[in-house]
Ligand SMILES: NC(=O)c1ccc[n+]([C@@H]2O[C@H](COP(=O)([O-])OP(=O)(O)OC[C@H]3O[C@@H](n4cnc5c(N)ncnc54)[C@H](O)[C@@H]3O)[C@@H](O)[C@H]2O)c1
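Here you get one chain, nothing else, as C-alpha cells; it is the form predicted on its own.
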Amino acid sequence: MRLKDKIAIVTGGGVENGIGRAIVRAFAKEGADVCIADINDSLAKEAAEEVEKAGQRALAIKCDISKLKDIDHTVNAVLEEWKRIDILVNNAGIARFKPFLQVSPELTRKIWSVNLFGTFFMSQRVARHMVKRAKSIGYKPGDPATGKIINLSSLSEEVGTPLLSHYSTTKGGIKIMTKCMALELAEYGIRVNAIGPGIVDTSIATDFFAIKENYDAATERIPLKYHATGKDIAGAAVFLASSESDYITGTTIMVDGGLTAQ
C-alpha cells in the first residue's frame, strides 16, 4: 500500500490494454483513489469500476486534454469531490505512423495539441493547487513531497524513430518540459519526472505490429529481446508516485529493455 490515502489523476486511463489503464490498476492496488480522465467516457467508467472493485474510490470524467475547459473541469471536479490532488499522471497521448514527407499540418496540430498542450496545461492547473497546499502547510526542504507529477514520454525523446517525426517532436518537448517544471516547482516540494517507455504492446502500435516483419524487426532492436507490457510501465509509475522517489526530480526513467543504452 505504497500510495495509501493518496489522490491521483490519470489522463488517458481508460483503454483496456493501454499504459494508462495499467497505471490505474497499479495505483488502486497500492491504495490510491483514482480519477480516470479519458476522452472516451465509457472506457473511463469501466476503469473506475475496476478501481472500486479493488476497494478504492474512483471518478470517471470525460476529458479531451487538448481543450482547456475540459482540463479545468477535471481538476475542479476532483478538488470538489476529494479536496486535494497528490499525484498527476499525464498519460494521454496520440501517435500515428506516417512518413515525414507525408505528414500533414492537420495531423501535426492534432498530435501536438494533445501531447504537448494537454500535458503542459493539465500540469499547470494541478500544480497551482499543489503550490497552494504547500504554502498552507509551510513546506520546508527535506519535508515529504507535496505532490508528484509524472509525464509519459518515450524512448523517442532520446533516439530518432522513423515514421514518428511529428510524435517524437512532442516527446522531446516533454523531456525539457519535465526539467523546467521540476526546477520551478522544487521550492514547493513538488517532484516532476517522466517515464520513457520503449516498445510496448498497446493499441497504439496494433496496426504497425500486425505486420510480422515490423514486429520481428522491433524485437530484434531490444537488448532484452521482448516487448514491454503496460505493467512494466506501471511499476515505474508507482515508484515515482511513492515516497521512495522523493529525492528524484527533473529526470526521465527509461523503461525500454535497454534500447537507449545502445
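Note that residue numbering follows the sequence shown and begins at 1. Please read all numbers here as calculations on a predicted model, not as lab measurements.
Below, we turn to the form predicted in complex with the ligand, even though it does not appear here.
- Residue contact with the ligand in the predicted bound form: Q56 places no heavy atom within 4.5 Å of it.
- Interface residue remark: A92 is counted as part of the site for the ligand in the predicted bound form, having a heavy atom within 4.5 Å.
- In the predicted bound form, the ligand sits within 4.5 Å of a heavy atom of D64.
- For the chain shown alone, N40 is a contact residue for the ligand in the predicted bound form, at least one non-hydrogen atom being within 4.5 angstroms.
- From the list 211 to 219, 195 to 203, 48 to 56, 25 to 33, the contact stretch for the ligand in the predicted bound form under a 4.5 Å heavy atom rule is 195 to 203.
- Only one of I190, M181, V126, L152 lies close to the ligand in the predicted bound form, with a heavy atom inside 4.5 Å, and it is L152.
- Scanning M177, V114, A145, I85 against the ligand in the predicted bound form with a 4.5 Å heavy atom cut-off leaves one residue, V114.
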